[in-house]
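A lone chain, given as C-alpha cells: the form predicted alone.
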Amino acid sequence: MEAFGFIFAHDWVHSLDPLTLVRPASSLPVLGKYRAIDFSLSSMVRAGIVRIGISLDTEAVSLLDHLRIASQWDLDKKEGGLFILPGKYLGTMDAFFRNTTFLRRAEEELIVVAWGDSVYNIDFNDVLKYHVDKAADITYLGDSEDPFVFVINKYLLMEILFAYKDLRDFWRDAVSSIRSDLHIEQFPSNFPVYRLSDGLNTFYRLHMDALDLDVYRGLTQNMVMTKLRDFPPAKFSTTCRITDSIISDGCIIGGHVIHSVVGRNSVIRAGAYVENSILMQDVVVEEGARLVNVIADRYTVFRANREVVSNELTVIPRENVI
C-alpha cells in the first residue's frame, strides 16, 4: 500500500540532559550501535515507503552526519528517497507548514508521521491496511493525547494546516480541536515502545529491558538499518567476564561487564568492573575502575581505580575525565 513518510526529529529534549545538550533525542545512541531515529526509518523502509522527509534542527550536526548517506537505508532513489528538511522549527505545525512543498510533491496520498525519538519495531503495512479497512481519517499508535505514529491523508493534513496555521502542535492543538468531526482509530498493538523524550529513566529502562534476549529480538528483528562504521569485531581477553550484556563492534574488553550495554570502540581494561550501566561510543574504563548504575556519554574516560557507584542513576556528560 503506497504511502510516504515524515519524521519529526527537530526537538531538543531537556528531560534527557545532559545527553541531549549536544544532540536532539532522535540522534541519541541506543543499544550500542544504533541511533533512535533508525527505528522509525527502518520500519518505514521495510514497509516499502521510499519517500521520507525528516524535519531537523540546523544545529543538529550529529544527526545531519548520521543521515547524510541515504544508501544506508536504501533511500538513494531516483524517485522518492530521503529528504532532509532543516530549519529552526517552533513546533510540529511549523515543521509541516514550512515543508508544504514536500507534502504537495509526494505522489502518494497517505502519509505516515512518526517521532524520531521513539524506539520500536513495527510493520507499517499492517497499520496502513488497518487505516484503509476502517476508512479512518486518522489512525494513531500510542497515547491518544500524544501518539508516536499516525497515518493521515495528505490532503486532509493540508486542510488542517491551513485552517489552524496559528497553532503550535498539530496533534495536541489542531487535531484535538476538531476530534469530534473526524473518524479517528487507534491501531491495536502490544509491542514495546520507548519514547525517549519521556526522560532518562525511559532511556535507561530501554537498555536494561533489551538485555532480555526476547526484548532485544523484538526491537531488532527484520533488520534495523543504521550508518555503517568500519570497526573490527570486539576483542575479548582471557581476563574478561561478560554476563547478560551487549558488546558492540570495535570494543576491547579485559574486565568484567555485568548486565550492561557497551557502545562501539569502547575499552574496558583488565581489573575494571561495569555493572547495570550504559557506555556510549569511545568510552575508556581503565584498570581497577568500578562503575555501577552509570550512563556515560561519548569520549568519557574513567581513570584507574576510580569508583562511580550509587543506588541512583549517575549520568556522565561527554568528553569527561573522571
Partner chain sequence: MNVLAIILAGGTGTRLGVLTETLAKPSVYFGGKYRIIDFALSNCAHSQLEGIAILPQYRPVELISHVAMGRPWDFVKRTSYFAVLPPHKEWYHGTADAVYQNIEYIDYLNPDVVIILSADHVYLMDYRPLLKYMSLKNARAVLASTTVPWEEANRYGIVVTDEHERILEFQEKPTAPKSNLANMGIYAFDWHYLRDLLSEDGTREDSSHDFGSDLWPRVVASGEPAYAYKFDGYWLDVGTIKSFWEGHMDLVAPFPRLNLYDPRWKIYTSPADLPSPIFLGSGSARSTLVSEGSVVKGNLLRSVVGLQSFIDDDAEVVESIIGPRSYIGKGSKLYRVITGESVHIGNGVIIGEGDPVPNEVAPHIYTDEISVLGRNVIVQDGSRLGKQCAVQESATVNGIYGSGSFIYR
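Numbering follows the first chain given and starts at 1. In this text, all values refer to a predicted model and were calculated from it rather than measured experimentally.
From this point on, the text means the form predicted together with the partner chain, which you will not see here.
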item: Distance check, F83 to the partner chain in the predicted complex, heavy atom within 4.5 Å; value: no
item: The partner chain contact in the predicted complex: P188, any heavy atom under 4.5 Å; value: no
item: S180 within 4.5 Å of the partner chain in the predicted complex, heavy atoms; value: no
item: 4.5 Å heavy atom contact, P147 and the partner chain in the predicted complex; value: no
item: Heavy atom distance at most 4.5 Å to the partner chain in the predicted complex, all of D65, Y299 and V315; value: no
item: Contact segment among 188-196, 98-106, 219-227, 168-176, judged by heavy atoms lying within 4.5 Å of the partner chain in the predicted complex; value: 219-227
item: Selected contact from I184, L161, L200, L211, since only one has a non-hydrogen atom within 4.5 angstroms of the partner chain in the predicted complex; value: L211
item: Any residue of 214-243 that, in the predicted complex, places a heavy atom within 4.5 Å of the partner chain; value: Y216, R217, T220, M223, V224, M225, T226, L228, R229, D230, F231, P232, P233, A234, K235, F236, S237, T238, C240, I242, T243
